[in-house]
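What follows are structure tokens for two forms of the same protein chain, given separately as structure 1 and structure 2.
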Structure 1
């Protein structure tokens, strides 16, 4: 098999290194141009998300590990020391890794649903640059299938397994659909951003962001398509919001009962407040106000623990499913190795058939020509089908490539000697692994 993978993720590298290793939309085209200039790379796909940057290659010959690291470094802003922490995988190990990624088994949050969309996007981006070959197109297509099956046939993605995602689950319970819900985000740190991503996926109606450092609030506002407001948030901001999500590092409560009472005088709609901070951002007394629901981290812990235990159990089922799909891909790959020989076989036999039909045309009446053509096609089709079936069967065995090589040499004709040499070269590449 000729598949390689190299990359960094949350297992191998801290977030600062992952940020440096990211290959964003502005750099993806140049990265593919660099890869496709290599004489040893037949196909390439880059998977770059917030938690991982991984490169999948289909080389003519496997690269040495040091060369693979050099290639990866040339696409990123990583130092030699940082690239040294990257994982390298080959062949079925690389296939298994990608399938596990797509299935959510390798995510920081077990069963993450966003990753399958990111795998699809990576394939689409690569195809736009004509970067993947047949093997990588098949590999990523099968990985997407693995991701879909893991979610449809198991419950690995069911239930919130982080405080941020649990908060969104709680909001859905209170409001139902969130497409008319306006959100005030208090804080612009990692927890707030994660909660915002979940809420954005749910399609909330609008955003206001309040943060001690206004520039950080503006960054998040730009990402969400919202508006950065003053710190601390005003009674007007609270009156505007249906849902308040607060996650700051403040020592004292940011949202007071007095402030909320002022907000209620301006607008009396039902409000949900989610306090994701430790220590608390929201004064407990707010929960006593009419039509106001307040939930804290403690309220989510039991829900998160139960859901996580359930996902870990489902992960065992998903792993078995992924292992089966890895074997299916490996079987396809072994059969596909003899595809050039099959193509040559079909081409040579069809040309021989046409030559013999033309040579014998004068021996038959014009009214019989159609029957002669049908007979010759049927005969060649049966011979070809038998040879292909046995060739594919032998391809699954250790000496299958030798059989394909012998057949290729047996089919060499003067008109197709160059084609045969190309087929033999491909088979020799496979035999070298």
Structure 2
């Protein structure tokens, strides 16, 4: 196998180096142009995200590690010292690394889902520049499959892993879809806004914002498309809301059990109250009320810890899936080495078939011509299939390319002597590895 990978990520380099080494959209075209100028590079793909910059190469000959670092440095503008920390991998290890990346196993936040889209984008960008060869196209295709399988066949991406997203997760466990959920935001500070952003992206139905300084409440209300209400929130506001997010700097609880009881008299429904403030904004006694769920920052940290533990467990299953796909890819790669011979075989046999059909045309009546053509096609197809199957089987073995070489030589015709030489050259090149 001839695949190489070099890159920096959160395992190898600090954030400043990762930022500096990033190859943004403005530089990506130039980077591909530089790479493709190299006579030893058959294909290349750059994967550049906010957390990693990785280069995957399909070279004619493996590069020396120092040469690989030089190539990477020229693309990323990193210094020699900075590039020294970059990882370098070859062949199966490089394949395994990419598949682990796509599966979210190598992410800073285990099982994160954005990476699979970023791998797809990297492939598309590279294809636009005609940069990947067959091997890299297949490699990234399989990597995307690894990502999809890890997400669908395991629960590695399941459950929130930050307090803000955990609050959305809890809301969905109670309300299901959030498109009918009305939210009362108590406080208009940074914490409230962060939680509001997460809830807004989940698509809630309406907002009311209550803040000590009404003008700030109005600003947040305008941002969210909601309504600023009086401070402190009234029982009517509480009765209106399904979800209450409170994050103020008040010293005393803003939402009391008495107020909540009044609200429950006005509207009996399930309510989730998220107390993101320290000290608490919501009286703990409220949690004892029926159909009222009170969660604090500490509770969410517990939830996040439980989700992370669950993801760690699922990572083992995802690793097994990745290993299987690495094996599949390696098998495909070995089979693919005989692809030029297969092409030659198909071409030569088809030409022979056509010649024979043309030569025998006079011996058959016009009405039989179609039958003769069909018969010859069927015969050639069967012979070709048998030869291809055995050729692929032999390609999986250690000295399997010798069979392909022998077949290529056996298929040399006067018309295709040059083509056969090219195929032999490719096979010899493979054999040299």
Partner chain sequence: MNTLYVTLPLILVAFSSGLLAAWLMLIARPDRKIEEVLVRIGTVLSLIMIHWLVVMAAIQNQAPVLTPGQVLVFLGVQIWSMHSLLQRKVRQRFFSIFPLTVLTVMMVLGTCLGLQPGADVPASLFGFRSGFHITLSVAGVALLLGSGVFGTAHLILHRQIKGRSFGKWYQNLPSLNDLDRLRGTTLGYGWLLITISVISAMSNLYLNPERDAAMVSHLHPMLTLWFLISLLAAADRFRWLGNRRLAGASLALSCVMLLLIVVSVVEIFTGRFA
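Superpose the two forms; the largest set of C-alphas matching within 1.5 Å is the rigid core. Numbering follows the first chain given and starts at 1. Since the structure is predicted, the reported quantities are computational estimates derived from the model, not experimental observations.
Any idea which of the pair is the form predicted together with its partner chain?
Answer 2, the form predicted together with its partner chain.
After the core is overlaid between structures 1 and 2, has the C-alpha of residue 226 moved by 2 angstroms or more?
Comparing forms between structures 1 and 2, the residue 226 CA shifts at least 2 Å.
Core aligned, does the CA of residue 369 move at least 2 Å between structures 1 and 2?
It does, since the residue 369 C-alpha is displaced 2 Å or more between structures 1 and 2 after the core fit.
Rigid core superposed, CA of residue 146 - does it shift 2 Å or more between structures 1 and 2?
After core superposition, the displacement of the residue 146 C-alpha between structures 1 and 2 stays below 2 Å, so no.
Quote the shift of the Cα of residue 169 between structures 1 and 2 to one decimal place in Å, the two forms being superposed on the rigid core.
Here the C-alpha difference is 3.4 Å.
Let me know the CA shift of residue 245 between structures 1 and 2 in Å, rounded to one decimal, core fitted.
That residue's C-alpha sits 10.0 Å away in the other form.
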